[in-house]
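In the form predicted on its own, a lone chain appears below as structure tokens.
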Amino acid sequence: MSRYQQRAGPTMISPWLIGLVVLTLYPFAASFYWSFCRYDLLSRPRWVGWQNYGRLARELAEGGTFARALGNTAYYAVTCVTLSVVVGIGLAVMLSWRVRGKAIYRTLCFVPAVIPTVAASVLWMWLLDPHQGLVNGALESVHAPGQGWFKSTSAAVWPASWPDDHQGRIFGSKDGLVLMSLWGIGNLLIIYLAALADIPHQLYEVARLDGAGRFRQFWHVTLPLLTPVVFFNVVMGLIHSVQAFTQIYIVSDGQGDPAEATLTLSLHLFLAAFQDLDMGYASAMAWVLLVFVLLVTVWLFRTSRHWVHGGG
């Protein structure tokens, strides 16, 4: 190769290399250094050792802001991932049935996934308005109690957060965020539909010959062969839900309202860094979040051998 040809390759990929160094590697290393500093973005970082991590540990032990943000994040992530698997598989199975207009139904289920996050957030704020929202109007039309949604601190799967006089009003702000995430489940549907189409029809024929009904075919054939896809969607859904920011910022007025019920770690990190100008504390929180996601992901990989099954 000539000298010109040897330099052509690095020259062609130099924009990507510069972007990798400037936009990824440098911020990654800088945030690790800042997590041990007191840094307000206006003056030079000052080394304080483990003070930022000690502050996070105290807040976690005393039930401070970081503890509430971690609890909200865990609630949102676990609920979103669990419901996305159940609803996604259920819709994918129904959309795989041979019915007239199947392509139209698939399109309608996928369209919400391409709507911009800001537009979807504003739409759901209107739909879930406690006083004039269409969802509460539909509930009241069937004599069901209206819910507080984004104006309430209660959480449906967390009974300790229900008010003493809830009178059936158990859905709160975090549940509204979960509904928003389920509405855009179209990307997962595409993956589940592709996985369903990849299951050999011979397995269903053998199951029918053995006397298996629809439920047993689903439980013993469909679901085991979907577990690799379920595992992939669980890991990606966990990462995506922990990083969720835009919709949470919009529906909570950028403060985690009401009463920090929607204050997740991503929002708390943003407010600490750019509102309180405490970049050292925010960087420490980011690294704690990274370790938290890493540990959960490793645990999922370790346990996958017991419930993820391949085609063989």
Partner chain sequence: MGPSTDNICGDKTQRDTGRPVPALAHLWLVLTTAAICIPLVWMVLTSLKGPQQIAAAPYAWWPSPWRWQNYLEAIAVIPFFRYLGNSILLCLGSVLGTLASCSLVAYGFSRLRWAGRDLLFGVLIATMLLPWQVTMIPRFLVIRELGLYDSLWALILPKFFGEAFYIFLLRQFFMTIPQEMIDVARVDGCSEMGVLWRVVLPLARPALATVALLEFIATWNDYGGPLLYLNDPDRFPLAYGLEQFVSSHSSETHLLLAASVIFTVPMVLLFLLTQRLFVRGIATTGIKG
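Residue numbers count along the first chain shown, from 1. Between two forms, the rigid core is the largest collection of C-alphas that superpose within 1.5 Å. A quick note: this is a predicted structure, and the numbers were derived from the prediction, not measured.
Although it is not shown, the form predicted in complex with the partner chain is what the next lines describe.
Please state whether all three residues 15, 112 and 250 have a non-hydrogen atom within 4.5 angstroms of the partner chain in the predicted bound form.
So, yes: the whole triplet contacts the partner chain.
4.5 angstroms heavy atom contact with the partner chain in the predicted bound form for residue 50:
Taking the distances in the predicted bound form, the answer for residue 50 is no, it never comes within 4.5 Å of the partner chain.
Residue 220 within 4.5 Å of the partner chain in the predicted bound form, heavy atoms:
Residue-level check for residue 220: no, no contact with the partner chain.
Would you classify residue 36 as touching the partner chain in the predicted bound form, given a 4.5 Å non-hydrogen atom cut-off?
Close contact is absent here: in the predicted bound form, residue 36 is far from the partner chain, nothing within 4.5 Å, heavy atoms only.
Would you please decide whether residue 30 lies within 4.5 angstroms of the partner chain in the predicted bound form, comparing each non-hydrogen atom pair?
Yes, contact at 4.5 Å.
Only one of 193, 139, 207, 157 gets a heavy atom within 4.5 Å of the partner chain in the predicted bound form. Which one?
Spelling it out, the residue with a heavy atom inside the cut-off is 193.
Across 85-121, which residues bring a heavy atom to within 4.5 Å of the partner chain in the predicted bound form?
Contacts from 85-121: 91, 94, 95, 97, 98, 99, 100, 102, 103, 105, 106, 107, 108, 109, 110, 111, 112, 114, 115, 116, 118, 119.
Yes/no, residue 291 Cα shift of 2 Å or more between the shown form and the other one with rigid core fixed
Residue 291: C-alpha displaced by less than 2 Å between the shown form and the other one.
Using a rigid core superposition, assess whether residue 301 undergoes a CA shift of 2 Å or more between the shown form and the other one.
For residue 301, whose C-alpha is compared between the shown form and the other one after core superposition, the shift is less than 2 Å.
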